[in-house]
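First, one chain by itself: the form predicted on its own, in structure tokens.
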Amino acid sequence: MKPETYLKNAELMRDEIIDMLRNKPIESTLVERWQLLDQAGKRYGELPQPLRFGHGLTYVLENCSLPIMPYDMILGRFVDRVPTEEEDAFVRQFHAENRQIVMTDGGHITLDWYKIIAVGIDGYIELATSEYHKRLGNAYGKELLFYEGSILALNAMKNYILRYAKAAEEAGLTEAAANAAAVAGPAPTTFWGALQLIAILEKIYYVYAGSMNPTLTLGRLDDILLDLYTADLEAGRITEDIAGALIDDFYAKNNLILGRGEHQMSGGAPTDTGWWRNNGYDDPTYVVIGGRSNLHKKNPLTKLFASHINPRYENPVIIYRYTSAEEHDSEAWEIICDKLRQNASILVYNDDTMIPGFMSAGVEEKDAIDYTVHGCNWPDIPAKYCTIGGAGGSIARMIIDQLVKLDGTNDKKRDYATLDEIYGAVADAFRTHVKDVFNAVRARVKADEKALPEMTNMTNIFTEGVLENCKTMDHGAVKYPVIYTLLRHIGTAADIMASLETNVFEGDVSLDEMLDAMKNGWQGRERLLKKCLTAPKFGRDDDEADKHAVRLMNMLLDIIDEEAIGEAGVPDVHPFNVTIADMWHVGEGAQLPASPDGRMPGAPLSENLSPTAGTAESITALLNSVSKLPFKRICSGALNVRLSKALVAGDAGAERMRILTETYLERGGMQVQVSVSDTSELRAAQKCPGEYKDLMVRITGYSAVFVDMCESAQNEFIRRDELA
């Protein structure tokens, strides 16, 4: 193709995606997916799981359609359309009878993209075949089945790519066809080929192998692809403009899986496509760029990937890794800040806290440097980790539970003479809980030493140690079996402790009076309620409140560290400490009585790392409060920030965005994700949705078209503070 053809094709693809994201029918359904899975289940449903998966994926990929558009440069489409009445009835019945028994990949993971690009599908087939033959003649039935299923699945992927290449050739897309055929088995040797292999494996995963919500992270693409890109430039096979057009096409195609709507706050609403129609209807796909690297110091691909971010897309969500190390690219950072100002789907993470955070959990530095995050900000070490347990929860709930029994047995636990005693009660309860979970995980890890593989899927195949050791990722294969330790709703928790200190232990309110007011939802206690509402609040850069957020976090983190030490006197579990609450602050709050910060019964708690809604007075104060937290002991979290358009308008606004974000990160902030939207604009969009189809907002680690959210979800988003 001529250089201008690449650019024109990218423009046509971009137009298709913008139209799809705004106008795709809500009823659009992956009809063919459900039909093929039903047929595969009927044929192979009685086989052991590895063979059921291997034969099932083979059947699906041999029989699925291969849609092609004349401007496709990267292949990998699928059937997604409004079903007929008969098809609609079939899909509903399919789900009602729970007939999806063939595919099990749940996503929320980063596959071993470094190795996938290094060895190709053939490399995995050779590895699986070699390990299979090692076990022939031995009584390892489950192990042989495991490899048989894996080999079947890998060959199915390989043949699917060859089918697509042939279809593209027949459609006249000669270069795209040759590019795809070249990566059907062998490792990619070009930048275009690597993008093609990643994109088509991603589509297989989402559309044919995945179960519900199979979101993926596609790895650190600038780091993974730099050597191929550089070789292509030096050989004259590519130019920066052509590479940019290929990135445009790749970015655009990451939106094809999407339906309409947003699931965390409004799943199942009439405005949502819903999981039963499309199992990935609002899945965020992450691409990671920037940050420290084990391979490269300066990386021109970081800037190229950043410059081609389209603020009108939902996917991919770009994870930009900020660093103060030598790898920092000031030009790429300027672009990222400008894209943030344009309301693009970007999450910024700080290497200077994240890498130490992973290392504090027992991750080797070289592995910590390669960290990624996946759907909704969950942390991972690509292809080397698996979550096998969870501990912790809402810090606000922990405190309330030490003040009033939440199980209904009595109204008050005990009298507290000092605030330190409340801290101590929370610590004791948390320690008991953590000890139980950690001991259960230790027992699980020990049992996994003898476990035989029971199942396989794409996730296992492309995870380090699985094929090599004949163990599944969640039963002994990975280097880091992980416990997610949840530290949620720190804003509300800090406000509760600040109010207790100010009004009870340093004020004129008795603890009994406070607890009675909580029990009665502040009825008849307006004066006390006012005192609680005017007590120091987290998010205002007020040390009287912020000190409690820091103390609570450090206290709980100390307990986690202490309980992670095993019988040998060294840590023997890997607790990934996370502050993520997603949208559960709403449901969690609905279960709780009123709290000493002035919160009403049933009201939402603070969201993720944010202060309580209605508390923050300026963006600077909010960022200063959050940056005080001990993030070098935490592995991930989310800070949702909603900024007014006036704050970031024009050149001055772009510079303001850069200074605010950079200062926050340099002061120790961990993460930030920005929505640029005025409350007046959001209200107008509710009244006239057709005029605001481009209005995008951040939920927790992904984006949603605001007018596609149901009214209750819209109102919850509007409830966030608009900061200036």
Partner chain sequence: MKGKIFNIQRLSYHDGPGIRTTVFLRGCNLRCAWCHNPESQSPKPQLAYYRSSCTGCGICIEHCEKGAITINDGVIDYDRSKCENCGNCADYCVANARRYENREMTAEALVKLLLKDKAYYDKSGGGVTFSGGEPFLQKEFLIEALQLCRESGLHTAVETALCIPSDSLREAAPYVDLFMFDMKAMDDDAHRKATGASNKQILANIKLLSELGADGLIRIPIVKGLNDSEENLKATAEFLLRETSFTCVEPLKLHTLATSKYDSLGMDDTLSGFESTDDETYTCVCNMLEAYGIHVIINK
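Positions refer to the first chain, counted from 1. Because the structure is a prediction, the values reported are computed rather than measured.
The same protein also exists as the form predicted together with the partner chain; that form is not shown, yet it is the one meant from here on.
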Selected contact from V82, L533, V79, L233, since only one has a non-hydrogen atom within 4.5 angstroms of the partner chain in the predicted bound form
L533
To verify the annotation, which of these, D541, D367, D582, D351, has a non-hydrogen atom within 4.5 Å of the partner chain in the predicted bound form?
D541
Is the gap between H55 and the partner chain in the predicted bound form 4.5 Å or less for some heavy atom pair?
no
Contact of K42 with the partner chain in the predicted bound form (heavy atom, 4.5 Å):
no
Taking the partner chain as it sits in the predicted bound form, is N624 near enough to touch it, meaning that at least one heavy atom pair lies within 4.5 angstroms?
yes
Give a yes/no on whether D420 approaches the partner chain to within 4.5 Å in the predicted bound form, heavy atoms considered.
no
Stretch from 586 to 594, 194 to 202, 430 to 438, 611 to 619 whose residues place a heavy atom within 4.5 Å of the partner chain in the predicted bound form
611 to 619
For the stretch 653 to 690, return the residues whose heavy atoms include at least one within 4.5 Å of the partner chain in the predicted bound form, in the order they occur.
R656, I659, L660, E662, T663, Y664, E666, R667
